[in-house]
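Just the one chain here, the form predicted alone, laid out as structure tokens.
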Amino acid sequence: MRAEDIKTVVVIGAGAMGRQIAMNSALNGPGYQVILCDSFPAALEQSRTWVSEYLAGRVIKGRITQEISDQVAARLTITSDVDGAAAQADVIIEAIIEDLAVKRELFQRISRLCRPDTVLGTNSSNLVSSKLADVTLYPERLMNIHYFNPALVMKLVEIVRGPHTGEEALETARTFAVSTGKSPIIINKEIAGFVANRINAAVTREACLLLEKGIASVEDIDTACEKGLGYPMGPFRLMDMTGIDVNYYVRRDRYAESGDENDKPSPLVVEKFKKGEFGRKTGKGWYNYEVQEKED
């Protein structure tokens, strides 16, 4: 599959990431037909509402015209027919739950339904594509295509070459990402956390150590990163946004795999996790969001 031959993009998984990837492909691409699919009716209904509200909001803010909104809506199909969508796809991006067994079943099935040259990407930042390669027909077209949250805003896409990934498919994925307004990087070897998350993990680890030792407060560490280093968001604010529980699970799993003490979750993160203080989604994390949410 050459990049210039891409006509239909399929995103499997209609959660927050999947629907944003689909919208980005429809809105910022050169006119791709985009199919967003999921086997859960509730996720599909939520996505239909979100798409309508998102496009209407862009029109109200003057970011796009009503004509463009109508064109994007016409190009974006939301369906429960995962298998039918896969059969039409030039590019497939999987954005379902981070469950290896579920992902393996999906790739085993869809890789036999789509064309032999369809590019297959998993959006996972935690599970590398080599864990899916043995069940995937034509694994040379398989790789990680990792978007960052929120996918409509963040420009970086990490494209990770597995030992099975072919050069042509890799280049097609890179060109596709560029065509939708992204700035892709190629990661030449599979490694846990890829590039951006590994760098962020090192910053987060050091921030937690500074807090543990009483060197500075949560607020002041975030301010140092934001005002001194130019970060758009300090490490504690970022953890609250992405979920302290997510940080805990990723670090726990990475430590189980590596045995490296540096990969362990911070004791402060473990404490927050046990209390159920996961950040914005629970109203409390490193910061308290309960008052703000009640006022809103």
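Since this is a predicted model, take the numbers as computed values, not measurements. Note that residue numbering follows the sequence shown and begins at 1.
Below: the form predicted together with a small molecule, not depicted.
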Assert contact_stretch over 35 to 43, 54 to 62, 247 to 255, 224 to 232 against the small molecule in the predicted bound form, heavy atom within 4.5 Å, equals 35 to 43
In the predicted bound form, the residue from 124, 204, 88, 136 with a non-hydrogen atom within 4.5 Å of the small molecule is 124
Answer key, the small molecule contact in the predicted bound form at 4.5 Å (heavy atoms) among 95, 173, 92, 132: the residue is 95
| field | Contact of residue 23 with the small molecule in the predicted bound form (heavy atom, 4.5 Å) | value | no
Worksheet entry | Close approach of residue 12 to the small molecule in the predicted bound form, 4.5 Å, heavy atom | yes
**OP:** Answer for residue 18 alone: is it within 4.5 Å of the small molecule in the predicted bound form, judged on heavy atom distances?
**Re:** yes
* Indicate whether the small molecule has at least one heavy atom within 4.5 Å of a heavy atom of residue 182 in the predicted bound form. => no
